[in-house]
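Have a look below at one chain only, the form predicted on its own, in structure tokens format.
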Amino acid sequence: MRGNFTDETLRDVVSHFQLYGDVLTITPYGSGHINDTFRVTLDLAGRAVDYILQRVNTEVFRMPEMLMDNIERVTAHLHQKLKETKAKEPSRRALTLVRTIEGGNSYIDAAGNYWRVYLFIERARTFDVISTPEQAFEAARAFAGFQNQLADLPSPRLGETIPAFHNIQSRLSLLDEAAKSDVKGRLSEVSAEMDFVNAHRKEMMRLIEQQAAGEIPERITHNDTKINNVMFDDETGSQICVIDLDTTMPGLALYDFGDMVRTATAAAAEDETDLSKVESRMDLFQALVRGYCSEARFLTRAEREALVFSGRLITFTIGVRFLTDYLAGDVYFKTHREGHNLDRARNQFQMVRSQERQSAEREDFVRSV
């Protein structure tokens, strides 16, 4: 649950971190919907210095200690990689956790809220929507580079902050349960959508089967590869840092690429009801492929051969999740109108159809790259 925190409460939280200077302002920041995020501005000997303060949403992330341990290990490894390559401005190229006064990676207040602080990345911004192929190229390059840097993260295995997050077998099981229960009596409204799901069940098991057969390896992945999780340099327009690491955990590289295809190539909003406007843009898909393959040097042949399929898989998976929530009574995704989740599901399934129509052309392009 998102909280309403007084200025006094926030200043008290800030006092538990190793920050120097006098707090000037603490204001809400960003467009995220999960955690509470604030920009903290301090006066340090006459110069304004900013930090990012966040409260972790423990209703979504039920194992916050594991989550913060993941982030601590990931950010430390990224900074080690930047040091090894003598990268310029390393504090702008990876998130940096600020320690608490006691030396921990997070502070737990009296109400049990988990708080963390990052360095604020100056002279950079995020975008909510991709507007050019150049942005798509840079975003894909950022996430591929992120995977590349974490390919040799030492053991132990990172914890799963949201188990089975992109696992289609698990998502289909939840849909079947919601359909069987039909708590809101909505099953009769979605026969066409259930037919679409059933027609695609076997095909969508492909990556799970390939992983089980040892053909596709587990990797460390971001798992939320929207463009607004990449920061772009104000001056050059190039990607500079991947942010929002809460879902960084073991997964398949193809889940990250597939989610980029789903979110970046959409010609219409995720809840557009005029399905004639819903399609996956080829020019942005091609830009994603070029950007991703320029950095993803770890890809196996099997992974490269599944790049096109991964877009359909993740789009289908999100459609299944929207349909499941509609049948369950809209208990997970926020809705703003009657039938909102059903509209979203239909939209995603239309995006799958668009990708299917372009499948042969997309496969040819990937082979050419």
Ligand code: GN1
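Quick note: we count residues from 1 along the sequence shown, nothing fancier. Keep in mind it's a predicted model, so treat the numbers as computed, not measured. For the two forms, the rigid core is made up of the largest set of C-alpha atoms that agree within 1.5 Å on superposition.
FYI, the form predicted together with the named molecule isn't displayed, but the following is about it.
S.K.: Quick one: which of 177 to 185, 207 to 215, 82 to 90, 162 to 170 gets within 4.5 Å of the named molecule in the model of the complex, going by heavy atoms?
M.R.: In the other structure, the partner sits against 162 to 170.
S.K.: State the residue from 247, 113, 105, 239 whose non-hydrogen atoms include one within 4.5 Å of the named molecule in the model of the complex.
M.R.: Contact with the named molecule in the model of the complex is made by 247 alone.
S.K.: Considering the named molecule in the model of the complex, which of 62, 47, 337, 33 comes within 4.5 Å of it through any heavy atom?
M.R.: When the named molecule is considered in the model of the complex, the option within 4.5 Å is 33.
S.K.: May I ask whether 193, 330 and 349 each come within 4.5 Å of the named molecule in the model of the complex, counting any non-hydrogen atom?
M.R.: Checking in the model of the complex: none of 193, 330 and 349 is within 4.5 Å of the named molecule.
S.K.: Is residue 270 part of the interface with the named molecule in the model of the complex - any heavy atom within 4.5 Å?
M.R.: Yes - in the model of the complex, heavy atoms of residue 270 and the named molecule come within 4.5 Å of each other.
S.K.: Even though the named molecule is not shown here, does residue 226 get within 4.5 Å of it in the model of the complex, heavy atoms only?
M.R.: Heavy-atom contact with the named molecule at 4.5 Å: present for residue 226.
S.K.: Residue-level contact is defined here as any heavy atom of the residue lying within 4.5 Å of the named molecule in the model of the complex; does residue 256 satisfy this criterion?
M.R.: Contact check for residue 256: no, nothing within 4.5 Å of the named molecule in the model of the complex.
S.K.: Using heavy atoms and a 4.5 Å limit, would one call residue 316 a contact residue for the named molecule in the model of the complex?
M.R.: Output for residue 316 is no: heavy atoms all beyond 4.5 Å of the named molecule.
S.K.: Taking the rigid core as the reference frame, tell me whether residue 325 has a CA displacement of 2 angstroms or more between the shown form and the other one.
M.R.: Passes the 2 Å threshold, so yes.
S.K.: Against the rigid core, is the Cα displacement of residue 340 between the shown form and the other one at least 2 Å?
M.R.: Moves: yes, 2 Å or greater.
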